[in-house]
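In the form predicted on its own, a lone chain appears below as structure tokens.
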Amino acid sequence: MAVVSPSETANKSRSDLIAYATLSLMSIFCAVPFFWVLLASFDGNAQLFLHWPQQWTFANYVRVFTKEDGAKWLFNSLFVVGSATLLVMVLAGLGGYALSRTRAWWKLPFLYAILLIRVLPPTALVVPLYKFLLTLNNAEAAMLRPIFGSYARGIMRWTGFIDGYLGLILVLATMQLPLALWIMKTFFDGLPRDYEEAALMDGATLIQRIRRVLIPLALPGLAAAGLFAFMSAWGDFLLPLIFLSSPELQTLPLGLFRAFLRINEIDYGLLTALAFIYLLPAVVAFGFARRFLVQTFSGGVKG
């Protein structure tokens, strides 16, 4: 056993102290904005600078839902991002399993090709994507208007490709799908085929194997892929700004942005309350999926 001299022990303690001090300073630097958002959202006289509230109140949160369209913004955000996440999980689960089990020569080139979608900046894709979706939107409108007349616009708020839920859901899902496919393909690579072969020998049909074997085994990977898709789509600002224009379809980041741009004095209490509400779903999603995230990236299912 090596003998550690007192000077080496002192040097190690000094290095640890410097490392912890540096990490503490970085943590404080990162935490201060969140701390300011939390304090200011409950402050009846919120200001630009950090200070302890003299009057604690829920008035800022009440105003978000009574004087502003906070409930509508929150619903739109949860519906669009939740639908896109669900779509990503389904497609990534099926696609990841197929890519993991196939031995086709094109598998690796295909995986690198779809990863390009993730690598390219969304700003560079906005114009061609908008043009493509606008063409689809015009074709859909041409079909719906003769049938439904004045009700066509109401239908297209849900099914429209431009200024409609469907178009934004598809775009967000498309942007998140490549990474989710990689996660699920890698996760299925780590799953032993013994479970499926045992179910096959027991006479299980394809549907039974998927429902009773594959889905339970793939839950950690699906949760990790869904968490990444949800958090990335939840924080997206550019795509909702480009593809949504109707006030009734606005999402939380757009509501926050428009509240900040008002020509009157900036209402920091309202802004921070909106920001805190905007933070909560991402934190809750991370709390639910954290265990699956750790399990996925620490080796998945052992067999």
Partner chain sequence: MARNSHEKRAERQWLLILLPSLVLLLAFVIYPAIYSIYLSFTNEALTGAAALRPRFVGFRNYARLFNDAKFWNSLFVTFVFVIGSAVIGQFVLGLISAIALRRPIRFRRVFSSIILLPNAAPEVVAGFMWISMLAGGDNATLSRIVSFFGVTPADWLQVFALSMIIIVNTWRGIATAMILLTAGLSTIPAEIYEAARMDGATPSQMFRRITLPLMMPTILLYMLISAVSTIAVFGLVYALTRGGPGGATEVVSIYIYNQSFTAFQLGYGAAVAVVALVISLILGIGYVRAMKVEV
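Since the structure is predicted, the reported quantities are computational estimates derived from the model, not experimental observations. Take the two forms, find the largest set of C-alpha atoms that superpose within 1.5 Å, and that set is the rigid core. Numbering follows the first chain given and starts at 1.
Note that the form predicted in complex with the partner chain isn't included here; everything after this is about it.
K.L.:
Would L133 sit within 4.5 Å of the partner chain in the predicted complex, counting heavy atoms only?
P.N.:
Residue-level check for L133: yes, a contact with the partner chain.
K.L.:
Considering non-hydrogen atoms and a 4.5 Å limit, does the partner chain approach W182 in the predicted complex?
P.N.:
Output for W182 is yes: heavy atoms within 4.5 Å of the partner chain.
K.L.:
Does any heavy atom of T123 come within 4.5 Å of a heavy atom of the partner chain in the predicted complex?
P.N.:
Heavy-atom contact with the partner chain at 4.5 Å: present for T123.
K.L.:
Tell me, yes or no, whether V119 is in contact with the partner chain in the predicted complex, where a contact means a heavy atom of each within 4.5 Å.
P.N.:
Answer yes; at least one heavy atom of V119 falls within 4.5 Å of the partner chain in the predicted complex.
K.L.:
Thinking of the partner chain in the predicted complex, which stretch from 150-158, 89-97, 217-225, 68-76 has heavy atoms inside 4.5 Å of it?
P.N.:
Residues of 89-97 come within 4.5 Å of the partner.
K.L.:
Taking only heavy atoms into account, state which residues of 225-244 are within 4.5 Å of the partner chain in the predicted complex, ordered by sequence.
P.N.:
Contacts from 225-244: W234, G235, D236, F237, L238, L241, I242.
K.L.:
Please say whether, between this form and the one not shown, the C-alpha of L200 moves by 2 Å or more once the core is aligned.
P.N.:
Yes.
K.L.:
Core superposed first: is there a CA shift of 2 Å or greater at V284 between this form and the one not shown?
P.N.:
For V284, whose C-alpha is compared between this form and the one not shown after core superposition, the shift is 2 Å or more.
K.L.:
Could you tell me whether the Cα atom of I210 shifts by at least 2 Å between this form and the one not shown after core superposition?
P.N.:
Yes; I210 is a residue whose C-alpha shifts (by 2 Å or more) between this form and the one not shown when the cores are overlaid.
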